[in-house]
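Quick setup: one chain, the form predicted on its own, written in structure tokens, and binding and motion questions come after.
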Amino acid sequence: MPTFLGQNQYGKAENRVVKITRDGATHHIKDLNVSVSLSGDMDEVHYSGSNANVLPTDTTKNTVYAFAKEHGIESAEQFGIHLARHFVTSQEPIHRARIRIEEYAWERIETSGAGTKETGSDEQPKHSFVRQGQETRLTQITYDGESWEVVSGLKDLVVMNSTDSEFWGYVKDKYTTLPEAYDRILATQVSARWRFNWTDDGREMPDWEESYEQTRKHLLQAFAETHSLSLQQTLFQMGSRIIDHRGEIDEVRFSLPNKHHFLVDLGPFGLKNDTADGAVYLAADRPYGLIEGTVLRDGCEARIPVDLSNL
């Protein structure tokens, strides 16, 4: 039975790039994990093993590091755009480039002294950092020589409301044991992606850094300000607030594991748990409810994959 080649791609995954920018005694860090994936006229390398159209993956790795030095890293999005444009326009057999980037945030450690012998001034040294233990920033840049698709987002952003959350009025059958809750803890570990409506070089690019900061802010504010009757309701409010306030974004996709907290039965010890001054909960890591959904600007179509692990 004859066979034929289907979709294929290749590249160098997870290039760890740390770029230090020195502004006198003040240093700045960009810490990225960059994966390059290329596709195009690659049939022959699969059929006969000819590498005539193959740019080595080692070359793509070297390009990532060279571009970090030559062009700097203004933002994960801008860096990915530089790379994608380069691979598609410099190599005729390459028709499409996809750049995936994770960015790890660092914050400056403030020192107690007013200077050191090394700096020779009264200014505090600004070259010490601690890795933030919050979310990982993400972006995926796709370019086919004509149009762009930029999907950014975050993962592992853990949030909690200790009140203003309820869950009741749901379907019950003979297997239902969950009691209705009129005041519960709502906690989740947010994984989110948002798609920009910037698609061609003829339009002005968004300010990628400001966009991320403001999108994250609106996501968190919506979570905090929604009196939640379900995590689904909270999801929709978070996505709607982002789209309402950020005109450069047309689509938001969330994956929200419900990090359940259950009241501990302290009755055997003669203790009443849920009292006016507080309560003790068991934080259960599994199994967990998994709430997922997409919020779209009116008139737009969904393009972000349903399964975010495929993005």
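Each form is matched to the other, and the largest set of C-alpha atoms that superpose within 1.5 Å is called the rigid core. Because the structure is a prediction, the values reported are computed rather than measured. Numbering starts at 1 and follows the sequence shown.
In what follows, reference is made to the form predicted together with a further copy of the same chain, a form of this protein that is not presented.
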{"item": "In the predicted bound form, the one of 142, 78, 214, 91 near a further copy of the same chain [non-hydrogen atom within 4.5 angstroms]", "value": "91"}
{"item": "Partner proximity in the predicted bound form: residue 183 to a further copy of the same chain, non-hydrogen atom cutoff 4.5 Å", "value": "yes"}
{"item": "Contact flag, residue 169 vs a further copy of the same chain in the predicted bound form, heavy atom cut 4.5 Å", "value": "yes"}
{"item": "4.5 Å heavy atom contact, residue 147 to a further copy of the same chain in the predicted bound form", "value": "no"}
{"item": "Partner contact for residue 164 in the predicted bound form: a further copy of the same chain, 4.5 angstroms, heavy atom", "value": "yes"}
{"item": "Within 4.5 Å of a further copy of the same chain in the predicted bound form: residues from 35 to 58 (heavy atom criterion)", "value": "35, 37, 45, 46, 47, 48, 49, 51, 52, 53, 54, 55, 56, 57, 58"}
{"item": "Residue 277 C-alpha shift between the shown form and the other one of 2 Å or more, rigid core reference", "value": "yes"}
